[in-house]
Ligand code: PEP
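A single chain comes next, written as structure tokens; it is the form predicted alone.
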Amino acid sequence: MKEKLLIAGPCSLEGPELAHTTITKAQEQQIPIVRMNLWKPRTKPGFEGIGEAGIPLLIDAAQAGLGVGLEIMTPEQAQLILDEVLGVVPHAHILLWIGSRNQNHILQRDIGRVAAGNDTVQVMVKNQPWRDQNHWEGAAEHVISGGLSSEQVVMCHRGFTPWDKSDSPMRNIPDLEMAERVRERTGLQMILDPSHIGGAVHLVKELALEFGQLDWVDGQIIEVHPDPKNALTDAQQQLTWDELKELQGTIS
């Protein structure tokens, strides 16, 4: 079975201490790309991330030899990250991702334009909340229309919002058949997100193990926090680093 990519780290950065713990643990556990979200879109008002103040923490991770992954909402945010991080670490691997809430196709195209021409930069396109294969594929096409090569674009399946949450214990409902079709039709890498699909630690673990056995899956992105109960966002679905370590040999 091919080696699969593993992206891990907290839902969002909460400050320097969490960032430095994330960097250290990722190095110890040989995680190639760390989640280091500076901005956190919310369904309802709450902690929205540390914003631009966290950019030096991204640079710390890049200088430690780690790839850096984070969600961006605008081309301006994308440009800021690339200017600041690549300005210090020119060959840093940066994974910018478009979240499920960011479905403005003009912004998607313009984010692609910002990232175009940087070989070490990729853009990950998460599926929108509603179930629609054409829309999800279209988002990738918009990003590519900005000038990215197909090697620079990654798809991410994080499940679809259920009409009735009482129908399933999961936070979002996966459609693995659709995800596999999208991978086959587009030829793009496919990452699965057990954290946002499961929504609870025991389900995240079960899904991560299941996803790890699927040949067509190229990797997973998993939320990890040293103290999940006190996390400012997504506390119920973040694994500890020890819990991730127990899974690693099977899922990557």
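No experiment lies behind these values; they were computed from the predicted model shown. In this text, residue numbers run from 1 along the sequence as written.
This next part talks about the form predicted together with this ligand, which is not shown.
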Worksheet entry | Listed residue that, although this ligand is not shown, lies within 4.5 Å of it in the predicted complex (heavy atoms), from H93, R181, K165, R101 | R101
Item to complete: Tell me, yes or no, whether E71 is in contact with this ligand in the predicted complex, where a contact means a heavy atom of each within 4.5 Å.
Response: yes
Practice prompt. Tell me, yes or no, whether Q220 is in contact with this ligand in the predicted complex, where a contact means a heavy atom of each within 4.5 Å.
Written response: no
Worksheet item: According to a 4.5 angstroms non-hydrogen atom cut-off, is H225 in contact with this ligand in the predicted complex?
Response: no
Worksheet entry | is_contact(R158, this ligand) in the predicted complex, heavy atom dist at most 4.5 Å | yes
Practice prompt. Can you check 93-101, 106-114, 146-154, 133-141 and let me know which stretch has heavy atoms within 4.5 Å of this ligand in the predicted complex?
Written response: 93-101
Item to complete: Using the arrangement in the predicted complex, list in sequence order the residues of 189-211 with any heavy atom within 4.5 angstroms of this ligand.
Response: D193, H196
